[in-house]
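Have a look below at one chain only, the form predicted on its own, in structure tokens format.
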Amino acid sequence: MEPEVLHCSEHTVEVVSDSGEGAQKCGQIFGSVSAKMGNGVWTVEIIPAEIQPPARNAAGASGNRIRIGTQTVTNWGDRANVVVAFNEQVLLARHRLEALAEDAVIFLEDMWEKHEDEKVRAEWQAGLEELSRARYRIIRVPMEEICLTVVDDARKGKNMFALGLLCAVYTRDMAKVKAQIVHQFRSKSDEVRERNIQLVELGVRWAEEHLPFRIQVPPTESDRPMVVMNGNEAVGMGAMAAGMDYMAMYPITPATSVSHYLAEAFHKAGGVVHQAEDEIAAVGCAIGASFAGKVAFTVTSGPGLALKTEFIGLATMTETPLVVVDVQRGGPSTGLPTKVEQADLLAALFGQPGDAPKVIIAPATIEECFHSMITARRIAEAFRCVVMVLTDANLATGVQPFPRPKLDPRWQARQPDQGPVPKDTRPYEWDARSGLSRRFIPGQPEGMFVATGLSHDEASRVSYVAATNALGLKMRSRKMAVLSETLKPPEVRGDRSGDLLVVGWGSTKGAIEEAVDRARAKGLKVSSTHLTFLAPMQPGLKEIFSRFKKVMTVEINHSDELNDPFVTKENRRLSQLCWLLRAHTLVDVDCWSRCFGEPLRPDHIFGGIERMFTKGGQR
């Protein structure tokens, strides 16, 4: 019989396993192939905090969620429709997080039912009993048994079998699947690549023989060439497009893969990747390269940002162009190394001693990760300042297609002027109106001066005179005001006025907009806006806010609930952007925030919007 075909505009898939069984690789390939076929795609990696957690442990669930659609997909959605699970314990982890749709189809490895260990058999029975209380459709699959016909260790084969199964269910283009496997395992031998293709074919064959259904999510042909990458790759590619050619970093999750990508590609553009001995050395080397005439960058995450603070202050005081990429993760301290959070905003803005103004840009999509690096380099060079790009774990590992950028020579850094410095020109001869001064490059005739992190005058001489210190503070701040004048107000999605405006920043954009669209479809007068520049803040916010009865931020960082013990309106701790907006606009901005270590779901945000209406009595 011909299989029944379910036609839908979007579907969400999860692949989950113990750490080391390759579920993430399976999801990455499935997502990339779907994107290359023309589907909208958004992927999110499910990564345990430990490097090698115990097997068959719910806390150690590892994998990938892939949301595919006929049109553009901007976030990971609400719940998974189809799941491939390599054991019942990792499946229980996702079930208990309410990550699965009520009617989810689950492909479950069944080897555990007859396992030689009595404890494992008991866990299997208890797990299936708990899962049976839901309305899932569980399909048992003998993955181990089938994979052992090709490999000696099924742990190194189930992921490709699962990939084949999913490719059959969703009718993926097998030529593209095989090409992606060859690319993914390009550093391996021909034998390894061929074995992985065999395993995929086994999965396809099993699905064709046993599954009476298929799921069709039709792709949409694009009229423009597309590229497919994750946010960390986009950051690296953007740096090359911007003409930066020196990157120094120390490995830290979830930022490290920026260096992995650049280690393969940077030298082709004349770039150098420097793995320093620690976070402090990395930012110091980047400052040294920039001081010598480049615009260098360093990449880190929260704990590394904390270590870099003193050197970031030095770059501010010496007015050395520097780009710092912070791939945010959960905190404080080492916190949640593999989980997403937006908790570094205040640290980025105020983390240095003294008054150290800097530019902060927060890309909202993987495409914006690419373009933000070009913008960051140009601003850092033009304003002789530190520019921080705040991405996060959601963007870093997520895969999304976007139109291939058309490279523009104007993006590239100019060669530094190494001609003679005009006589009597001082290295910090600030323009009184703009705060800008000429950049001296070591080796320029007549350009020798002593750089210092101490308070200094326009000739870079150490000075503790009150008027001199005040002038330096004023000029460094003045540059931010000049940049602010070049920025545009953020766009409002939806009506220009109404009952509620939802404000977000960073990777929450897609989920916020989807939630707001649902609210508007139910007749609620809700709009949204999203901020890209957080320092200096984009202009026009107070006027925009004045057109709405309530303003609420949505963020992945902590805020107190008013019904919590001891929490009052006076002592309530607000989420970070909310706190900044209240100070910036003097508007009574409210907030809805969650920091569960995972991206926000549209349905959760929609619930927050509904509660805001109920609380405001405007329904």
Partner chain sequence: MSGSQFSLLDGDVCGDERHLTIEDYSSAVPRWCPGCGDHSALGAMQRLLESEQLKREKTVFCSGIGCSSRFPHYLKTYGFHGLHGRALPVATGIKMTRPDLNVFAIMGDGDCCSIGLGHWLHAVRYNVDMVAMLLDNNIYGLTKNQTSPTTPQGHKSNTQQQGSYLPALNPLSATLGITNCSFVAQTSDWTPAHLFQTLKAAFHHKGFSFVRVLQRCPHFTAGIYQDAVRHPDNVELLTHSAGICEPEAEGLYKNHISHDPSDLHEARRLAEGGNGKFRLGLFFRDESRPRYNETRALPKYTAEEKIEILNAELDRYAV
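Positions refer to the first chain, counted from 1. Remember, predicted model here, so these are calculated numbers, not experimental data.
Not on display, but discussed next: the form predicted in complex with its partner chain.
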All of V227, I280 and T452 within 4.5 Å of its partner chain in the predicted bound form, heavy atom check: yes
Touches its partner chain in the predicted bound form: Q198 (any heavy atom, 4.5 Å): no
Proximity of I252 to its partner chain in the predicted bound form, heavy atoms at 4.5 Å: no
4.5 angstroms heavy atom contact with its partner chain in the predicted bound form for Y261: yes
Distance check, Q275 to its partner chain in the predicted bound form, heavy atom within 4.5 Å: yes
Proximity to its partner chain in the predicted bound form, single hit among G284, G498, G472, G351 (heavy atom within 4.5 Å): G284
Contact assignment for its partner chain in the predicted bound form, among E116, D408, D190, D223, heavy atom within 4.5 Å: D408
Interface stretch in the predicted bound form with its partner chain - options 131-139, 148-156, 329-337, 292-300, non-hydrogen atom within 4.5 Å: 292-300
Stretch 173-202: residues contacting its partner chain in the predicted bound form, 4.5 Å heavy atom cut-off: H183, R186
